[in-house]
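Take a look at this single chain in structure tokens; it is the form predicted on its own.
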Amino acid sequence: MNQDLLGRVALITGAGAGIGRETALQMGARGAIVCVNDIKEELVIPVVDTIKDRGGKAFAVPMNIASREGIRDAIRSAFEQGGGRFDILVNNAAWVRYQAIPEIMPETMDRMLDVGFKSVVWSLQEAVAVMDPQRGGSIVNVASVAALRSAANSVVYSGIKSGIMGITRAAAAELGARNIRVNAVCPSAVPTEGTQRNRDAARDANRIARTPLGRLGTVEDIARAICFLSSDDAGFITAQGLTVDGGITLTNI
């Protein structure tokens, strides 16, 4: 793997498993100094150890980012552990429950908003404070094809992911003058530990049949897109939502 992120300090939230974990591993292999965040230390330590075992550099940032103070502390920790620089932020963390409209409860919606929406706003505030405008920086938000095409029982989830796309565009407009690029990736259904409860064989088979590339996406697919948007190869790309879905969203087969 090339070293296109060599020496850059990256924080990935929700990196203890799934897309976040794979993104951390790939960034470590590309030369980044990876700050691995998740809510529990036992989730991040194995990821850090794997990156180091593969010859990379990584630090554990076990913090709850579901508050302004939590995401602030996570980014400041990354800045300090990275030697006084901060280059890449991946807002990947989410807490998801799918519920029919009559079943939506305040505590469920509040937690989804805190982790998946508010933390992204607060992360922008802190990233602006620590990203060097001379070097610039890259922020990648993990949205979803649910921002483009929604299903039943996903009012809160689809609303949040649609909001992430709005945040991405507005932040890109505001932060471009500081040489900070802001983009999003929009994955389709990807098998991970977190999505297992909402998947079954019949539903997966239906998705595969409707996908032009004839398979489900993988965490590797999404992580490669995130790494691309974080690299200089995407140096003139900002305000975009890169759909990584095998073609299912914009086709009808």
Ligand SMILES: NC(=O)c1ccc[n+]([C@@H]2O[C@H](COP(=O)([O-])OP(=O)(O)OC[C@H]3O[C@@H](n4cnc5c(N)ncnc54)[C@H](O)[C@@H]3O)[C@@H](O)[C@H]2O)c1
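Residue numbers run from 1 along the displayed sequence. Since we're looking at a predicted model, the values are computed, not measured.
Keep in mind that the form predicted together with this ligand is missing from the display, and what follows is about it.
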| item | value |
| --- | --- |
| Interface membership of K40, this ligand in the predicted complex, 4.5 Å heavy atom rule | yes |
| Non-hydrogen atom contact S188 with this ligand in the predicted complex at 4.5 angstroms | yes |
| Close approach of A234 to this ligand in the predicted complex, 4.5 Å, heavy atom | no |
| Contact test in the predicted complex: A17 vs this ligand, heavy atoms, 4.5 Å | yes |
| Heavy atom within 4.5 Å of this ligand in the predicted complex - residue from A171, V156, A94, I180 | A94 |
| Listed residue (D200, E69, D53, E193) with a non-hydrogen atom within 4.5 angstroms of this ligand in the predicted complex | E193 |
| Which of 100-108, 156-164, 79-87, 121-129 lines the interface with this ligand in the predicted complex (heavy atom within 4.5 Å) | 156-164 |
| Contacts with this ligand in the predicted complex, stretch 62-86 (heavy atom within 4.5 Å) | M63, N64, I65, A66 |
